[in-house]
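The form predicted alone is given below as one chain in C-alpha cells.
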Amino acid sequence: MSTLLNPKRTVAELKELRQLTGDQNGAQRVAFTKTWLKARAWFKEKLKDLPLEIHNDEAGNAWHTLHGPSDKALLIGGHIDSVPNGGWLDGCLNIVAGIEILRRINAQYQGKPPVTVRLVDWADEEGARFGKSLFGSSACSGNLDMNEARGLKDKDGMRLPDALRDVGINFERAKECGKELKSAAAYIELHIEQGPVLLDLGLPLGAVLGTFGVERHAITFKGQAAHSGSTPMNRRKDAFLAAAKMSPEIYKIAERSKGGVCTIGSCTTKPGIVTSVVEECRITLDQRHLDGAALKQMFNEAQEASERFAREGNVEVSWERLWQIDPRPFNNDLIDLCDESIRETCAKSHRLPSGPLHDAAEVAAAGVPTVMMFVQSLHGISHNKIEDTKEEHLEMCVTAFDKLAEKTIKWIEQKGA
C-alpha cells in the first residue's frame, strides 16, 4: 500500500457521514432533499484542500476534476444519495474512497497526474423518491426517457421537474450533461456487493463482470369467479391455481439458465374474497442474466410455461412488459486489472456479475470502458439499516481500488501512445 494512502481515514469519514445524515432507522440521504444537500456540502468540504475544478452539470451530477496534461480522463464514480432508512455504505463508499484516492494521486504527482482524474457523484442513483433509478447517469449517457421522467411524482404528489427546480436543476436541460463523457477514457466504481456471494465464499473482494440484463413483466391469468362452496373442484376456472404453478417453475428456469435469477415479487387477485374462486390473478416476474441470449431464453420459457398452465386450468393468460434493459458487460482489460488489484491486496479474487443496476451500467452503455469492484456485505443485506461490512474489508477495498485507479491511469496512457 502507498504510504500516501490512508484507508483508515476513509472508514472514519464514512462514520462521520453516517452520524451527520443518518438516524436510528438508517441513512436518510434521499436525493433532492435537505439531507442530501447537507451530505453534498460535507463532501465538498472534504475536498477543499485539493486543487480541483468543481461544478454541477445540468442533471445535478457533481464533478470534481484534477487536471492532468492529457484531457483523457479516468472517471471514479458513485453516489451519495441513499434509500430511506438505508445502509451506511450503499453508494457513499464509492465516492468517500474516491476522496482518499484523489488525495493520494494529488500528493504523488504534485497536483499533475499523467491523465485527468474526475470524481463524480451521480444524482439520484437510487430513484427512491420518484421510482426512477440512475437519473443523473442515464441523463449523461443519453438514455433518460424525458417523457417518462417528466411525469414522475413522489408520494406527496410533487413532480420530479419541480423537485429538481427546488435544488437548482432545470429538468429540461438534463441531457445536456452528456458532454461530460466526451473525454472519458475509463470509468471505475467501488460498491458493497449487496448480496451474499462473497460472504459465502469467505472472500473480501470481487471483480464485477457486468450488470444483469432485466426482463420485467406483469402476467395476468383470467378465469371465472364462482362461489367457493357450491362450485365443484373439477368445474373451476381458478386463475390463482394457474398463477401459483409459475412459482416453482421459475426456479427451474433460473437453474437451467446457469447464472440467471427469476423472482415473482407481487401477486394480486380479484375478487379477492374468501368465498370466491379467483377470477383474475396478476403476478409480476423479474428475470435477470448477464448473457442476453440466456435472458431471452428465460423469458421464452416462462411465457411457454404460463400458456401451458393456462391451458391446463382452462383459463386465459396475457403478458405486459413493465421494463427491460440489456445486459451491460464491462471491459475485459479493466476486469483483468481489477482482478489483479484484488489479488495483490488480499491474495484471492472472484469474478461475479452484478444483479442490481449501478451508474456504471449507464456509463458502459455510453461506450466508456468500465469496471466495478465489490466488497463483501455482511448478512448479504443492503437497503437496510443492518447493512454492514467488516472494517478490515473496507480498508482492503480502498487499497485495492486505489491500485485499480493507478493501473487504469497507466492503461489509459498506454492506449494513448
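Keep in mind the model is a prediction, meaning the values are calculated, not measured. Note that residue numbering begins at 1 and tracks the sequence as displayed.
The same protein also has a form predicted together with a further copy of the same chain, omitted here; what follows describes it.
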In terms of non-hydrogen atoms within 4.5 angstroms, which of the given stretches 115-123, 131-139, 77-85, 246-254 touches a further copy of the same chain in the model of the complex?
246-254
Here the chain is shown alone; which of 223, 260, 91, 206 has a heavy atom within 4.5 Å of a further copy of the same chain in the model of the complex?
260
Find the only residue in 318, 266, 183, 314 having a heavy atom within 4.5 Å of a further copy of the same chain in the model of the complex.
266
I'd like to check something about residue 156: if you look in the model of the complex, is any of its heavy atoms closer than or equal to 4.5 Å to a heavy atom of a further copy of the same chain?
no
Taking 4.5 angstroms as the cut-off for heavy atoms, does residue 301 touch a further copy of the same chain in the model of the complex?
no
Report whether the minimum heavy atom distance between residue 337 and a further copy of the same chain in the model of the complex is within 4.5 Å.
no
Contact test in the model of the complex: residue 309 vs a further copy of the same chain, heavy atoms, 4.5 Å
no
Interface residues of 264-296 toward a further copy of the same chain, as seen in the model of the complex [heavy atoms, 4.5 Å]
264, 265, 266, 267, 268, 269, 272, 273, 274, 275, 276, 277, 278, 283, 284, 286, 288
